[in-house]
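One chain comes next, on its own, written as structure tokens: the form predicted alone.
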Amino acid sequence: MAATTTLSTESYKGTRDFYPKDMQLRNWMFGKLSETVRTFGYLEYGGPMLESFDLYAAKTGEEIVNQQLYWMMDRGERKIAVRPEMTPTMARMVAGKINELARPIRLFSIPNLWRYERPQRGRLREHWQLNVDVLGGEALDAEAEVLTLAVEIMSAFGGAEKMQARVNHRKLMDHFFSKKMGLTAEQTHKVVKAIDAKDKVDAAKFHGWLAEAGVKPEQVSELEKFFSSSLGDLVTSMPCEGVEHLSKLFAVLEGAGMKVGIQIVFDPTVMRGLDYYTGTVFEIYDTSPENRRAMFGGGRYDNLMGIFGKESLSGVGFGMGDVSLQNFLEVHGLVPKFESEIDVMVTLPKEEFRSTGNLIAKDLRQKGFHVITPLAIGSFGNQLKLANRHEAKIAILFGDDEFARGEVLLKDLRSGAQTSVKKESVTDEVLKLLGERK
């Protein structure tokens, strides 16, 4: 007889199991995100988990396509991939109905995404991500709206004072690297990668990377001076399109009541995808020493529809991962204590009480309450224990004497208070204790 194989109960590396308590937190987070984004008039969309490999090869960075993409050949010999990001799908969908969608096009989604990478704090192989995009409209107004929305989202979770939006502009960076530093595009790419990793290595290694990229020793101080500059400094020392745009953007944000200089600041070290973003870029940082990292970010992109042969349509957006958001909420103690989702347990101590119990449960459910039954006859004590194990708020108990009088026992498991009520009054009494349900 063949030996039985024992399978592991662990989930696949870089993924999570969501038990009911975990789902409560996830649903609460996603509900807050969706509710806040909708207040700005964004409409939700969805798309398939599988897309043509070519879509990502055309619209996604090389690192993701070559190293992190989950892909396969289907039975029709088509090369397909599991989505690592949502923007290519959004671009394909908008291109398909570009003349039917009202502009500016405001869209959001919270898709499930996959990337084959080393799991670490804030990054897993499977995660969910809020994607927010606005296509069309004046650049300054659209960018101000998206940045305002990002701050409003953090405010909805009680974290507006514990984060900071750091903003930069690609055209400012292009001007500095090419005109001031005299670097080629290839050298610039290497310098940007070094700057991205600067906080993770010592000074000697960082300067070694700069040297490899062709930055001369006398240019290092110029580089460091630039990265410590304020926007006001650059208005006079480095006037260019990027500086002019950022100055106007901050003025629009300040006029909209945002805390410019505190909550939203200029930061020339913010880079983000050189091959993707074309204008304003930003990252939202947690200001806690325990979690001092970029939680999410985004920026402006142009010609999103180009590969589909459609008209050029500029947009701005961001993506917020659920893992980094949860880390932020936990670090700052912003996760609420969730109540049990079970409102009432209707017990079943004897066969003759079954019909009455089922009718009571049906009436309570019709009023919107979450009601469970034990699905088996059991003793009074055992079923009360069962109600507590399920964390029900109220238990409906049957006693022979009460039943003969047309009554049941209603026990509030939170306070321990117990009272006899008429069978026909059970729903009203539960309403008094728990309030209306939607």
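One-based numbering along the sequence shown. Keep in mind that this is a model prediction, so the values were computed, not measured.
Only in words, not in the display: the form predicted in complex with a small molecule, which the text now covers.
The single contact residue among Q129, N168, T89, T188, judged by any heavy atom lying within 4.5 Å of the small molecule in the model of the complex, is Q129. Between the small molecule and the residues I80, M295, V215, I110, the one pair within 4.5 Å by heavy atoms in the model of the complex involves M295. Annotation: in the model of the complex, residues E85, D133 and Y277 each come within 4.5 Å of the small molecule through at least one heavy atom. Picking from 341 to 349, 115 to 123, 228 to 236, 245 to 253 the stretch near the small molecule in the model of the complex, with a 4.5 Å limit on heavy atoms, gives 115 to 123.
Using a 4.5 Å cutoff between non-hydrogen atoms, A361 does not count as a contact of the small molecule in the model of the complex. At the 4.5 Å threshold, heavy atoms of V323 reach the small molecule in the model of the complex. Contact check for G319: a non-hydrogen atom falls within 4.5 Å of the small molecule in the model of the complex. Remark: Y301 counts among the residues lining the small molecule in the model of the complex, judged by a heavy atom distance of 4.5 Å or less.
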